[in-house]
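Next up is one chain by itself, shown in structure tokens, the form predicted alone.
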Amino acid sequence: MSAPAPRWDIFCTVVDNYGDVGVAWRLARQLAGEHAIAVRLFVDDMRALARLAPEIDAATSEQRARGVDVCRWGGAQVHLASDPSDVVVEAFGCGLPPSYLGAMAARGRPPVWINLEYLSAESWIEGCHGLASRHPALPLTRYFFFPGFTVQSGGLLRERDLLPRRDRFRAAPGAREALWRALGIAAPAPEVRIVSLFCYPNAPLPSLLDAWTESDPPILCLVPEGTANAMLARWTGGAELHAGRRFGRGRLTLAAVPFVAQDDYDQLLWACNVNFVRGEDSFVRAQWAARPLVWHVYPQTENAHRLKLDAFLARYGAALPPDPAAALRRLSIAWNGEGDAGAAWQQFAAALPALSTHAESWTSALAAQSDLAEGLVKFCADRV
């Protein structure tokens, strides 16, 4: 008789955006759907998760969705106190409840405890990936698991059917038309360059938008509701951008789109020619979209985010010709607060043919590596 499949618990807190819980939710549902693992996801803010996953009821503390048992911290204390699973994933150093740590230590065989770190292209993560650390007071060991872009790291989240779904979407004109209807916007003309814009409030938007008003070809910029509202309101002269409403100036049309579920956001990225993304979750999904991207890094103290940006640009641009690599670097640095984003756009736009070709080859190379969920399962299988 075979041993029962291991159970996993994933813990995640929502700090000030949706990226952390977005990654945790993608991981949980992939483990359940592709690896037949019994997964519980503990989150401290069910409302944030419900924005990304409409099947979640924000008012319910314990529920099941997409094969995952979802529990709100504070609403499932019986589980937290007495029933730790075989594998425990602490997402992004969120910390575990003391009662749960005590229950982990009391098990005959302690759980495999994973600290899922933030994504980075920095080379030092390869030496730290998989390292163990003993708890200072309890008989527990925590392993550090680093997502990354090389086989020496933990890889990136990628569902098995993600790229085939992307390719089917792009091959079916009706799929794109359905997306435009769902977003509440008219289908753009073939010659229009479609750009998605997802950024933090400190992005240098005015200079970029000014440049887009003189763009050739014209630009349709899709802006998820709630993105840089104050800055957009100033630039538009007070025009409210809400879902279904457009604002035009020169060669630029801004179109606000509703905040959509994760799978629908993937389609939005697939439909665009260029994607401006932020944080971690949308940053990774833009790479699977295989389109040129510009990354707005989450601001950190002591300019640590700039180190992450430089490391990614160096790795991503290694196979690019010098001029397109320089164009990408100039706009990326300007977009993160150091330079004129509008002026940098001109050089970037001229490099788009080369950047588009490179985006396809970069995605293909990443897809040849193991994905993060698969890597986690293999890592833990030897330790359960």
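All figures in this text were calculated on a predicted structure; none of them were measured in a lab. We number the residues from 1 along the sequence you see.
Another form, the form predicted together with a small molecule, is not on view; read the next lines as being about it.
- Among Tyr298, Trp180, Phe144, Phe247, the residue placing a heavy atom within 4.5 Å of the small molecule in the predicted complex is Tyr298.
- Out of the listed residues Phe149, Trp113, Trp270, Phe198, Phe198 is the one that sits within 4.5 Å of the small molecule in the predicted complex by at least one heavy atom.
- Partner proximity in the predicted complex, defined as non-hydrogen atoms within 4.5 angstroms of the small molecule, places exactly one of 160-168, 254-262, 96-104, 237-245 at the interface: 254-262.
- Every residue in the set Tyr18, Gly279 and Ser282 has a non-hydrogen atom no more than 4.5 Å from the small molecule in the predicted complex.
- For Leu52, a non-hydrogen atom is located within 4.5 Å of the small molecule in the predicted complex, even though that partner is not displayed.
- Though the partner is left out of this view, Gly155 does not reach within 4.5 Å of the small molecule in the predicted complex, counting heavy atoms only.
- In the predicted complex, none of the heavy atoms of His358 sits within 4.5 Å of a heavy atom of the small molecule.
- Of the heavy atoms in Pro224, some are within 4.5 Å of the small molecule in the predicted complex.
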